[in-house]
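This document opens with one chain alone, in structure tokens, the form predicted on its own.
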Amino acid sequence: MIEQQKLITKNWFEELRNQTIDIFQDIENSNSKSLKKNKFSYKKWKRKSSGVQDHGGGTMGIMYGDIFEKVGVNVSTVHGKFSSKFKQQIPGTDKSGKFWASGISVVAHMNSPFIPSFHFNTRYIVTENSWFGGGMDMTPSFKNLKNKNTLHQNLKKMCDAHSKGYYNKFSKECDKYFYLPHRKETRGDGGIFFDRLNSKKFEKDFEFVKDTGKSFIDIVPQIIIQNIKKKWTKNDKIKQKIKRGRYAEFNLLYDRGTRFGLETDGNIDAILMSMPPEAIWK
């Protein structure tokens, strides 16, 4: 049973990766003024553990363009054993510390300061227990109520189709998680965030995870198109880079995915794919 669940989640994350890349490349090349067609470049990697390359790996996809200044779409499936220190933070590792994890991670930093940055990830983790985690959030450089409403109205509709309590619970978790305590501010406009999701009904939870991914590739193009023709100035770009500095601070100091990747000997380039192409601090 669990092996079948591993396979179908892994296959879904890879299918969603392909759909996301196709949609983003189409947005980039349908709206760019450049004659050059921008495409994702790929780098495969294998997880090293004690010098042995037999513990899974992944593929990192990156595109640089005119609409997407930098966008990364990564998938990975890894397995092995947590360190004695790190396994204390993970459920179901009391006996062996063994784990299996598969997931997809997407981060898009847009060229226009008036198009927000987007983050999305979903994952399935198996120890002696198993659970789903993930979510999506949006980080604008400038406040835009229309963009925020587009995000949250669509997420609420999707969540309500699965459980009337999901949206309120997961949107609050998002605001709580994507918070910079040293700045006393949230990272952006929120979204949804969930972790250790296991209702004891795998199919139910898996359908929610799949719909979370489908919502991401539906919502993001809407918001991009709503703002793609807006003109911006050099000063607008500076403000965007300052906001990106906050984004970098969160990912380096608090992001669980970053810590998980580092603790499990993940690929450094893939782990830090989420970092913005340029940022400044003032």
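What you see is a predicted model; the values in this text were computed from it and never measured. Start at 1 and count along the sequence shown; that's the residue number.
Omitted from view is the form predicted in complex with a further copy of the same chain, to which the following refers.
Peer 1: Contact check in the model of the complex: Lys70, Leu262 and Ala279 versus a further copy of the same chain, with a cutoff of 4.5 Å between any heavy atoms. Do all three pass?
Peer 2: Judged in the model of the complex, Lys70, Leu262 and Ala279 all sit within 4.5 Å of a further copy of the same chain.
Peer 1: Of these, 73 to 81, 188 to 196, 127 to 135, 175 to 183, which stretch puts a heavy atom within 4.5 angstroms of a further copy of the same chain in the model of the complex?
Peer 2: Only one stretch passes the 4.5 Å heavy-atom test: 175 to 183.
Peer 1: Identify which of Lys43, Lys214, Lys39, Lys241 has a heavy atom within 4.5 Å of a further copy of the same chain in the model of the complex; exactly one of them does.
Peer 2: Contact residue from the list: Lys241.
Peer 1: Though a further copy of the same chain is not shown, can you say which of Asp218, Asp66, Glu249, Asp236 has a heavy atom within 4.5 Å of it in the model of the complex?
Peer 2: Answer to the contact question: Glu249.
Peer 1: Leu272 versus a further copy of the same chain, in the model of the complex: is there a non-hydrogen atom within 4.5 Å?
Peer 2: Yes, contact at 4.5 Å.
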